[in-house]
Each structure stands twice: as structure tokens, then as C-alpha cells.
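Let's start with one chain on its own, the form predicted alone, as C-alpha cells.
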């Protein structure tokens, strides 16, 4: 078998394995442009609006003469040209997304706000703590480091009740603080572990030269460590954003007020509200909620792989 044929076989096998994993996404995308009545007739059918838009669009492109009668949701009869009918069906396809965005927008804004502050807090606290543990010597340094790392062994569910009681005693329930501060406290452990492993590999000569030039703690951290640590910081940032964006249980139990719900808990609230009667809107909301993660995957894959291969997870 030639090398080209071998690569083709490998790609064919990978595509065959990837198709089943994409079926749920295709299923949600297909149903996001269908009406509830269509779903009751079959969950896997092609959207009627898409079929009719293709039909009218083809006749409009070929210059065919004629009109199309359309029955609206309010039982009104419309008589449109092929071009007008094509536009009407196009708006019908996006109708679910317009309604879904109206319902989802507050949750998206809350999530973006929480993600930004949590990411900044984790990067700052994790990198500073890792810098101290990696480049300075003091009694009990290894004990402190292993204490931080040992907290990664405990499942999140095990600390759920104590964390909730602590947040309640501090009076932080139903607030952004109940989301931001605990997530920073939990996320910095991974950041410390990854960043310290990377900082340990930086040459000591760089720090000695900078100290000879009069650089202090802040200058070493800001002008030397951070510029050299962009790949590993990208790994921490991406992992933290993914974890915060997909977090459901903690935001759901600490915030009973819908005003403070994030994407994951907001989608659950929508699924048990009156909006659940329109399944097309729910599927459209699921698709809109996944768009930022798809963009993150598309644009952050390269820096993530650079961080993975630059010593971020060095033993």
C-alpha cells in the first residue's frame, strides 16, 4: 500500500469514528429550525421551511413565473412571489434563534461576566503563587505545594456542602460573588500545578541577570516570567474558560434568583419553564450556547497544543 493510500485509509477510519460523535450535534441543529408540530411527526425529518425555501429559491433563480400561497401561524393566507416566499421561509428558519436569543441573552451576559473575572483571578493568583513556589526558597515550600496539589484529589461533590454553607454564612448567595470567588479558589490549584512545572524549567541565569540589572519581584514576574509563559498561560486560560462556561451544579444551587443564572443553569431553567412547550426554541438555545465553545475550539487549538508541548505538563 502506497503512503498516500495509507493516509486515505487512516482518514477514512477517523471520519467513520467521528461521525457518530457528531450525530447529537446534527440532531440538535436540525431540530433548532423546526417547529414543535414537525417534531411530533418525526424527530429526524428535514425542516419543512428549509425544503420550501430551497424549492422557492430554485424557481426564483430560474426566473419561473408564478406565486406561492403560505399559511402563517395566525392562519392568515399570504400570496407571494417565489423570491418573496424564499425570504419568508428564510425568516421562518431563523425565528427560533431570534426567540432563543431573547431568552438566553441575560444568561450569556452573566456567563461572560463571570468567565472574565474568574479567568483573570485564576491567571493572576495561580501564576503569582506558582512563581513564588518555583523561584524562591523558604521553609515549608514543598509542604505548601503538596498541600495545594492534594486538594485536586478531592471530588468537587465532596466539598459542595461545606462550600455552600461557607458562602451562605458570608451572605453571598444570589450574587455574582458566589460564582466568582469560589471558582477562583478552585481553579487556581490547577493553575499553580501547571505553571510551577513550567516555571521550574526556566533557566536560572535569566533571573540572575535580571537581578543584577536591579529587577525586583514585580519586574521579574511581569517582564520576564509572563512573556515567557504565554503558552502555558493559554492552557490554563482555555481550561478555565471551558470549566466555567460548562459549570452547572454550583451556579444552580447558590443562585435561586434567575437574575444571576449562567448558561448551563439558565438552559435548565428554560427547559422547565413555559418555553419548554416550544422545543424548536430550546434546541436553538442549545445551539447558541455552544457557539462560543466552538469558536474557542477553532481559534484556541493551536495555542493549546503549543502549551501542551512546551513543558506545561512536564513531570
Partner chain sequence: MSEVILTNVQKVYDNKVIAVNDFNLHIQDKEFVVLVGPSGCGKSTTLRMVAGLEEISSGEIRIGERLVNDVPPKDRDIAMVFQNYALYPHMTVYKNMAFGLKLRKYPKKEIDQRVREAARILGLDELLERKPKQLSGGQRQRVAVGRAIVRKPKVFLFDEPLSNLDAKMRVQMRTEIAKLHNQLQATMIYVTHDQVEAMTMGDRIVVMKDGLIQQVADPLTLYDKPANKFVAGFIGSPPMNFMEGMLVDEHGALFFQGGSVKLKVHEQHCARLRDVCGKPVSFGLRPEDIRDPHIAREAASDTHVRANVVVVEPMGSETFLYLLAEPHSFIAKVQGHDVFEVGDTLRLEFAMDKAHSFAHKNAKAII
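Residue numbers count along the first chain shown, from 1. In this text, all values refer to a predicted model and were calculated from it rather than measured experimentally.
There is also a form predicted together with its partner chain; it is not shown, and the following applies to it.
S.K.: Wondering, does residue 150 line up within 4.5 Å of its partner chain in the predicted complex on heavy atoms?
M.R.: Because no heavy atom of residue 150 falls inside 4.5 Å of its partner chain in the predicted complex, the answer is no.
S.K.: Is residue 214 close enough to its partner chain in the predicted complex to count, meaning some heavy atom within 4.5 Å?
M.R.: Within the cut-off, so yes.
S.K.: Is residue 209 close enough to touch its partner chain in the predicted complex, meaning at least one heavy atom pair within 4.5 Å?
M.R.: Heavy-atom contact with its partner chain at 4.5 Å: present for residue 209.
S.K.: In the predicted complex, does residue 93 come within 4.5 Å of its partner chain, counting heavy atoms only?
M.R.: No - in the predicted complex, heavy atoms of residue 93 and its partner chain never come within 4.5 Å of each other.
S.K.: Consider the chain as shown here, without its partner, and state which of 171, 162, 227, 140 has a heavy atom within 4.5 Å of its partner chain in the predicted complex.
M.R.: Only one listed residue qualifies here, and that residue is 227.
S.K.: Note which of 125, 175, 81, 219 lies within 4.5 Å of its partner chain in the predicted complex, where distance is taken over heavy atoms; exactly one does.
M.R.: Selected option: 219.
S.K.: Where, among 117 to 125, 199 to 207, 185 to 193, 151 to 159, do residues come within 4.5 Å of its partner chain in the predicted complex by heavy atom distance?
M.R.: So the stretch in question is 199 to 207.
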